[in-house]
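Let's start with one chain on its own, the form predicted alone, as structure tokens.
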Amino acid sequence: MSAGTRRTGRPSTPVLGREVIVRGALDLIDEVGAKGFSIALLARRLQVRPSSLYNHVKGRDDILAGVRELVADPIDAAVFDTLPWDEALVSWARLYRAAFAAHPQTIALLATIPVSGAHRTLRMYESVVAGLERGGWPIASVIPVMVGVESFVLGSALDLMAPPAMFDPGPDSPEVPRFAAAVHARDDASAAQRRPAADLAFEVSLTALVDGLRTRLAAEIAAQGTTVDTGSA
């Protein structure tokens, strides 16, 4: 091939763009954690100068908004359009946990930055809020309900990272016999059901949380003297 002939075909590295930058940022956070993430390190990973990133993104906040979208994209909130609010909330919580369990290093980072700029994620929240309102939740209670469920879900996602024997007292078992027995009973149930202990904890707590929310909503409706669909029985 002569010096004046340009090679055709796909480039050996992806053409820099917002999607490439955001996916690179998520991969980097997965690897080094929130504290290790920086624009400079991201640029080195993408083999560009930091200034080149700003031709495609507005800055760090814009990159993290894109990361939030990538993490949250699998969380389907469309169930709020078709199911009673409580059934939809259970489905949403399970998907939410799975999404963040796949990227646990993002939890501490995304839980402390504003959601503005993450447009797809905002539309997901819009569906959740609309579903809860249709279920009868007063507008002032909707965000507290949603955030309460999110807090539980994110904690449960982190629980999946814990070592299986975290609660095993080991040689200290004689000092805490009831605690040790409870841990062993949990492990037996986990083995019998062939499910991780973290999943058992999540499901029993999710059921209790939603049951409590049903009771709370019924009390709020009774206080208002209104009648709406309060969810499934």
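We number the residues from 1 along the sequence you see. Please read these numbers as outputs of a predicted model, since none were measured by experiment.
Not on display, but discussed next: the form predicted in complex with another copy of the chain.
Contact with another copy of the chain in the predicted complex for Ala201, defined as at least one heavy atom pair within 4.5 Å: yes or no? Yes.
Does Pro163 reach another copy of the chain in the predicted complex if we count a contact as any heavy atom within 4.5 Å? Although another copy of the chain is absent here, Pro163 would touch it in the predicted complex, with heavy atoms inside 4.5 Å.
Does Leu209 make contact with another copy of the chain in the predicted complex, using a 4.5 Å heavy atom cut-off? Although another copy of the chain is absent here, Leu209 would touch it in the predicted complex, with heavy atoms inside 4.5 Å.
Even though the partner isn't displayed, in the predicted complex is Arg216 close enough to another copy of the chain, meaning a heavy atom within 4.5 Å? Contact check for Arg216: yes, within 4.5 Å of another copy of the chain in the predicted complex.
Tell me, out of Val90, Ala72, Ala77, Ile107, which residue has a non-hydrogen atom within 4.5 angstroms of another copy of the chain in the predicted complex. Going through each option in turn, the one that passes is Ile107.
Just to confirm, with a 4.5 Å cut-off on non-hydrogen atoms, which of Ala102, Leu95, Leu83, Ile143 contacts another copy of the chain in the predicted complex? Comparing distances to another copy of the chain in the predicted complex, the residue within 4.5 Å is Ile143.
Just to make sure I understand: among 172-207, which residues lie within 4.5 Å of another copy of the chain in the predicted complex, judging by heavy atoms? Contacts from 172-207: Asp172, Val176, Pro177, Arg178, Phe179, Ala181, Ala182, Val183, Ala185, Arg186, Ala189, Leu200, Ala201, Val204, Ser205.
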